[in-house]
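Single chain ahead, by itself, as structure tokens, in the form predicted alone.
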């Protein structure tokens, strides 16, 4: 799984940082490291940086609203998606921009980003779900978890 990601501060336009109050989510790993924006699944308002419709957008991460028609979840298994179980939601593939991911206290490098799906609920409100797949042996040893995000252009 993946419960948080970060994206370099300089990769997010200032207007999006101000609009979504992302200054509150800035972290810096060391004095010489670039600032990063932290996107945690457990934030009060979980968000993800997503490349959608030709531009970077900050969109809700999953759905926790029971009055929404979108699935109550933050992730979607690739097998579930391929089985057609989410076909009624008309999921659209999206790229989630990220430099690092976090699972069970272990940070890992993300070179190109992660794969996700976007769903609109009955009010046309979007939700983005991180796609998961069975974890590689390396990922399982590193994080102790049996599922990993779908990485763009790589397998760790």
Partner chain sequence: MGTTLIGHIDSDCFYVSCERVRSYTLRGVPCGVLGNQGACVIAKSYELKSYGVKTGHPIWEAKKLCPHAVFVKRDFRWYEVISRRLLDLLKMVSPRVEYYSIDEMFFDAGELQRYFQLPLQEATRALQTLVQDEVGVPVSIGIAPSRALAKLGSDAAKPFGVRIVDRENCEAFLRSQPVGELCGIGRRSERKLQDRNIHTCWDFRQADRLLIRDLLTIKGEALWWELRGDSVTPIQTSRPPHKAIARGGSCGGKTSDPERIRAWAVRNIERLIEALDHHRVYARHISLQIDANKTALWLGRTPLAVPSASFRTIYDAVMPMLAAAPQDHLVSHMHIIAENLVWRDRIQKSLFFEDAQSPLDQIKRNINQKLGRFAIRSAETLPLHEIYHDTTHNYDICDISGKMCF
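All values reported here derive from a predicted model rather than from experimental measurement. Numbering follows the first chain given and starts at 1.
There is another form of this protein, the form predicted together with its partner chain, and it is not shown here; the text below is about that form.
Student: Do heavy atoms from each of 4, 38 and 133 fall within 4.5 Å of its partner chain in the predicted bound form?
Tutor: Result no, not one residue of the spot touches its partner chain.
Student: If contact means a heavy atom within 4.5 Å, which one of 114-122, 63-71, 40-48, 93-101 is the stretch that engages its partner chain in the predicted bound form?
Tutor: Contact criterion met by 93-101 only.
Student: Would residue 105 count as touching its partner chain in the predicted bound form under a 4.5 Å heavy atom rule?
Tutor: Close contact exists here: in the predicted bound form, residue 105 approaches its partner chain to within 4.5 Å, heavy atoms only.
Student: Would residue 145 show up as a contact with its partner chain in the predicted bound form if we use heavy atoms at 4.5 Å?
Tutor: Contact with its partner chain, no.
Student: Is residue 32 part of the interface with its partner chain in the predicted bound form - any heavy atom within 4.5 Å?
Tutor: Residue-level check for residue 32: yes, a contact with its partner chain.
Student: Could you confirm whether residue 152 comes within 4.5 Å of its partner chain in the predicted bound form, counting heavy atoms only?
Tutor: So residue 152 does not count as contacting its partner chain.
Student: Scan 128-156 and write down, in order along the chain, each residue with a heavy atom lying within 4.5 Å of its partner chain in the predicted bound form.
Tutor: Counting only heavy atoms within 4.5 Å of its partner chain in the predicted bound form, the contacting residues of 128-156 are 136, 137, 138, 141, 142, 155, 156.
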